[in-house]
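Only one chain comes next, encoded as structure tokens, the form predicted on its own.
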Amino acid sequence: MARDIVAGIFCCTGTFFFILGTTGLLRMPDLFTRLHPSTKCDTLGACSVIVGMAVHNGWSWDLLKLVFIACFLLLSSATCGHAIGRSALRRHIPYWKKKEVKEDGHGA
């Protein structure tokens, strides 16, 4: 009973971070600012869900598989985010620049 509650809390926390990362991905203005929520929140969300599944399953061979999946996820997410950002820099993708607002309240 307590194990199911703890597993549910971890899975709900992971789902919250997935939703937070997706919202950040949709709301950010350019590629470089979108990389942060997509890599950080998705990694944290996936690891929270994996921990929740590990707590729910208990000590079994599935726990070893989940640990391998979590290690692969932690290594690949940051590496992919770095590779995407570096590729965007090499392709000279422009940064987002805030529009200047004139005194009458309209953009430039």
Partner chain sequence: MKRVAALLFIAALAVLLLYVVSRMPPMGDPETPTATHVIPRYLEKAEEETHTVNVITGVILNYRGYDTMGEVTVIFCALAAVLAVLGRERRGVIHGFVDRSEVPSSTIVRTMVRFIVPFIILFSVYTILHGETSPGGGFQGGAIIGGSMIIFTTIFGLYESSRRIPLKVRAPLEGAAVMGFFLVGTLGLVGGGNFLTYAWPRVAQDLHPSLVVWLTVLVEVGIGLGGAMVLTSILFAMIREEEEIATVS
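Numbering follows the first chain given and starts at 1. All values derive from a computational prediction rather than experimental measurement.
FYI, the form predicted in complex with its partner chain isn't displayed, but the following is about it.
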### Query
Any of the heavy atoms of residue 72 lying within 4.5 Å of its partner chain in the predicted bound form?
yes
### Query
Any of the heavy atoms of residue 56 lying within 4.5 Å of its partner chain in the predicted bound form?
no
### Message
Under the 4.5 Å heavy atom criterion, name the residues of 68 to 84 that approach its partner chain in the predicted bound form, in sequence order.
### Response
72, 75, 76, 79, 82, 83
